[in-house]
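Take a look at this single chain, the form predicted on its own, given in structure tokens.
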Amino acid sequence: MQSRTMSRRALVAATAAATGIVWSVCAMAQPQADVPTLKGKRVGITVVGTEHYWDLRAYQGQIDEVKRLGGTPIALDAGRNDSRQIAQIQTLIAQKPDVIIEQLGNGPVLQPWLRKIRTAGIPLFTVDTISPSSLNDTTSDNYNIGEKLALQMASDLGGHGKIVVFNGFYSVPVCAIRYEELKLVLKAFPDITIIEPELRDVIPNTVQNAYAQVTDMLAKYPHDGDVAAVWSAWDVPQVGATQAIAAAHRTGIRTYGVDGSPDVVKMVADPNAPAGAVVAQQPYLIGKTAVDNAARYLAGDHQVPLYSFVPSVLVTKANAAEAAKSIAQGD
């Protein structure tokens, strides 16, 4: 991760959070129609896994858009196995498709193989994977996501309290960005401290594992006020954490996460649930946009941007019903 100093934007936003200003729902982006055909083109798609709502929707968005544009998708799911994804990338390189789109995964493990794609003369596009080998990465603005989630949490806590943090996937670039933004925002709130050691989220059995870890943490900190919030870089650990807090009847603790899976949005909408907020992305549109960028490139437009940012929305107790409608329309 690049180190970042506290920006003017972050300081202004931190002040806003401290004074109780809340973020409002933004309109979700709609797809564009002016996309060249992919007729006669083969598009390789490699994804590290699809068991999570975000992963599956982004993956399906790519497959559907390739077909809609008349192309042939060669779609491979690695089942959350790094070695299998590398093997699948090797398979795609050997098949020499017109373009390859890679989605998520372990950054340090993937980088040599992403370079091999380009060395083989195959254009590479990515979804949520930052790489110097990628012609374009389609993603959400994870700097903004990390910042606004942390600011919402700080506002909800009134600027003080101890928080539990899940930090098990720092090797995944988007998770690392959100974590670093959390730490950056907390510099403006010295009375909010992270309980050490941090928890590590896992795959598979993420919900069950998060439930067990948070249950143990609550036993170590049994009194009201000992723990104020639980933060995670994605929302599957948030599910387990929310369930554990509810089971322990600890009404003073809220959970925060990213992705906006439908079950988590429902938890946030429930006034009695400990879920405080979740930043909802548009994974299907992210996947679709990656394919559209690849189609334009293959049609001769080599001025594609390095990054395509698809808007996200912060879902809170105050706007959950409205946000749920926007998410449904955009995804």
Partner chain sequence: MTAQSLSRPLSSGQMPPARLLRIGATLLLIVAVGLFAAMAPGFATASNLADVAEQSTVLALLAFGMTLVVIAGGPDVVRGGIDLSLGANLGLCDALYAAMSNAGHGDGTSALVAVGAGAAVGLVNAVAIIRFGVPPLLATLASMNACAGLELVVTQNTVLTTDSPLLGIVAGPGALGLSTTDWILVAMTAALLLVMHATPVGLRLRAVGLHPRAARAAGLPVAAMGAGAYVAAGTLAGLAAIVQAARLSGSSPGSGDILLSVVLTSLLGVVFSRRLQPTIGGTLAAVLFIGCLVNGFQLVNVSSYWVNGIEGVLILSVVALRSLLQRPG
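Residue numbers count along the first chain shown, from 1. All values derive from a computational prediction rather than experimental measurement.
The protein also exists as the form predicted together with the partner chain; that form is not presented, and the subsequent description refers to it.
For the chain shown alone, Trp113 is a contact residue for the partner chain in the predicted bound form, at least one non-hydrogen atom being within 4.5 angstroms. The shortest heavy atom separation between Ser140 and the partner chain in the predicted bound form exceeds 4.5 Å. When the partner chain is considered in the predicted bound form, Glu181 lies well away from it, no heavy atom lying within 4.5 Å. Taking non-hydrogen atoms only, Val109 approaches the partner chain to within 4.5 angstroms in the predicted bound form. Stretch 164 to 172 is the contacting one of 128 to 136, 164 to 172, 146 to 154, 218 to 226, since its residues have non-hydrogen atoms within 4.5 Å of the partner chain in the predicted bound form. None of Val207, Ile86, Ala248, Ile122 but one reaches within 4.5 angstroms of the partner chain in the predicted bound form through a heavy atom, and that residue is Ile86.
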